[in-house]
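Given as structure tokens, the chain that follows is alone and in the form predicted on its own.
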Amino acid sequence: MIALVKTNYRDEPCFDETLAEHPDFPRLIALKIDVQRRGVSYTERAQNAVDPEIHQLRSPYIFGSRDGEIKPLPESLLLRDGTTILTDPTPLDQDPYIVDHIDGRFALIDRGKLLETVELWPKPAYYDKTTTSGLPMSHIVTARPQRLNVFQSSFCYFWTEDQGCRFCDIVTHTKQQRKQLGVPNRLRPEDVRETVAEAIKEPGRFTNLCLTAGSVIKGPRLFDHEVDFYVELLQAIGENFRTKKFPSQLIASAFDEEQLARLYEETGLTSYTSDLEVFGEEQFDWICPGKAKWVGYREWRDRLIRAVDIFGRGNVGTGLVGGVELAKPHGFKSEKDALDSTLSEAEYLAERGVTTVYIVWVPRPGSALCGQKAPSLDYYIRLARGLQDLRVKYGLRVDFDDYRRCGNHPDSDLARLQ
């Protein structure tokens, strides 16, 4: 059992007090941020109201949860404006939001106050089916609001030298999933092709696909084997479509121009993301030692910029684990300094056609930064607004990571308002 560390947010201003400082910021997006920041705990009454026949439950995922367990809990909450909250089950002693079931409705509660009624995601029809090889399709391709997620592998080779990203629990969690759920080490392209074919039979449900996995440093050149795996997988998926290109996003390592050209020319891929995770060379070297050793911050950033020539302006992105730049002991000492530095780097990339989005940092128990505390809600609101303002300034879209397809980036939720 993974040891958990208590984290408490009760010494902070409450949700409404913080939001009062940002009267022009959408309340429901701010609520999404705070629920992701603090996590959720489902009451027994709420758990009894979950119907696995109609509600989508948590499926195999690339990262673990804050309670360090695998339980049949809801995958996500939906707010009344369609905003998605990808929930993170969290022990009560870490001061999460509470999900209860009151008068026939699921409700989001904080410190005894009912803030919103919420809905649960409806389960896709293909979740009840198996592949020809006998695997549950829900273990092969998982669903987001309007997106199909393919986690090709949950192993990252940076971990073999104890140089995995410090916020990440990808390898510890995949071992847990293999043992408890029987999730395969690597997906077979035929299983993925078959599952996608079944998923897209549901009219209007899914509009794009996203593929991601851990980094593979092997091959004649760095990352060549990783590229091979993705080409094979994307070609298998492409058999389901009549056009060469299909709406798709790859979140992968920082490939060189030849590797990127191969992905673009030999598959139906339409957008490419490679996550820097944290901006600034000093922070990157500490938080992402494997990425720093094998590629380096400046080269990783430059490869993103060069990818724009292949995929086009606005079709290349990078992701941040928002808040990890304030992790102890080597992170920024003040939220202002962290925000100024992050937005400065984001603007450098935006000027060159690269979009930046963030996810809320969750200090997971299987990571090197477990037990730490994420920064304030105020910080995340300012970061979300700052990144969206840059996209508006430089005319960058974020279609492949918007609220309807991904649902995990508070800053891109703002894009539908402008």
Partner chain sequence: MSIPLWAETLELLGDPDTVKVLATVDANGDPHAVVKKSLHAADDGKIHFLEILEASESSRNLTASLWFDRRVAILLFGKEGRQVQIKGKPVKYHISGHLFLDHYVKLRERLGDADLAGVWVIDPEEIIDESFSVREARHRAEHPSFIHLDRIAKPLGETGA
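Positions refer to the first chain, counted from 1. Not measured: the values here are computed from a predicted model.
Omitted here: the form predicted together with the partner chain. The next part is about that form.
Using a 4.5 Å heavy atom cutoff, none of P13, D34 and G371 lies near the partner chain in the model of the complex. With a 4.5 Å cutoff on heavy atoms, L390 does not count as touching the partner chain in the model of the complex; it lies far away. In the model of the complex, the partner chain stays beyond 4.5 Å of every heavy atom belonging to E299. The closest non-hydrogen atom of T131 lies beyond 4.5 Å of the partner chain in the model of the complex. Not displayed here, the partner chain is kept clear of I109 by more than 4.5 Å at the level of heavy atoms in the model of the complex.
Note that among 114 to 122, 208 to 216, 312 to 320, 332 to 340, the stretch whose heavy atoms approach the partner chain to within 4.5 Å in the model of the complex is 114 to 122. Contact residues in stretch 328 to 361 (any heavy atom within 4.5 Å of the partner chain, taken in the model of the complex) are absent; none meets the cut-off.
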